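Okay, here we've got a single chain as structure tokens, the form predicted on its own, with questions on binding and movement later.
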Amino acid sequence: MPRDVVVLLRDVWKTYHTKWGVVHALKGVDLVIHRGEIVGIHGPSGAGKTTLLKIIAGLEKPDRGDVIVEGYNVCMLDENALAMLRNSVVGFIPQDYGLIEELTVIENVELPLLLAGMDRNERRKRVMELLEYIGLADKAKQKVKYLSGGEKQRVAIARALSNTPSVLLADEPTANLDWENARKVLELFQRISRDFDTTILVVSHDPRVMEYVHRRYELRDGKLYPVLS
């Protein structure tokens, strides 16, 4: 039986006008990702990987092309609809974790649920289930600033999972970690994909990350090329 298509990009272009000239970040990118797949996109810094993630998350709009996520044409949505998409369909994990250092682990993970208006008891129950899942329940009341890089990354993943998104976007998730912690994060992605049928798109400049994905691409000069295993 064919799997659901969760992310579909057709002829996506993105150009930036800078003081140094015109930068063609994406040039006619096509991409299809199915439910439960982990897809990796490898490429050097500045290749357009983060731009691609932000366009899928609705954080930036392409100059032209179609971006369809769970049946929603992201390019056609207004700001309210895009906020709904990011709070229920797409989980985004930025390279710098995006955590609030002065808040506790629980407070960081529950933020999306708070914004969604979930009852406090229900929020805390959901957050503790996630912290158990990622192996950080014992750090629940600790401030994020006291965590290691690997622990911060896992908290960022838990926060992105809090609203049970069907798509998880990870921007250089291992860039600030030693390889042992990086491997744990990548194995956690594999477990999330398997346990929840979550679609995961990982972008990285580290070729070792690509050993943990189902399919891989290279983004080079704004174009996406499939890489055969």
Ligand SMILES: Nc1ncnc2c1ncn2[C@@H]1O[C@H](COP(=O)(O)OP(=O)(O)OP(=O)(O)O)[C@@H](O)[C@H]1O
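Keep in mind the model is a prediction, meaning the values are calculated, not measured. Sequential numbering from 1, following the sequence displayed.
As for the form predicted together with the named molecule, it is not shown, yet the points below apply to it.
Asker: Counting only non-hydrogen atoms and a 4.5 angstroms cut-off, does Q95 reach the named molecule in the predicted complex?
Answerer: Taking the distances in the predicted complex, the answer for Q95 is yes, it comes within 4.5 Å of the named molecule.
Asker: Is E172 near the named molecule? Define near as a heavy atom within 4.5 Å, in the predicted complex.
Answerer: Yes, contact at 4.5 Å.
Asker: Would G48 count as touching the named molecule in the predicted complex under a 4.5 Å heavy atom rule?
Answerer: Output for G48 is yes: heavy atoms within 4.5 Å of the named molecule.
Asker: Using the partner position in the predicted complex, report whether V12 sits within 4.5 Å of the named molecule, counting heavy atoms only.
Answerer: Outside the cut-off, so no.
Asker: Using a 4.5 Å heavy atom cut-off, which stretch among 185 to 193, 160 to 168, 64 to 72, 49 to 57 contacts the named molecule in the predicted complex?
Answerer: Of the stretches listed, the one contacting the partner is 49 to 57.
Asker: In the predicted complex, which residues of 14 to 38 put a heavy atom within 4.5 Å of the named molecule?
Answerer: Sequence-ordered list: Y16, T18, V23, A25.
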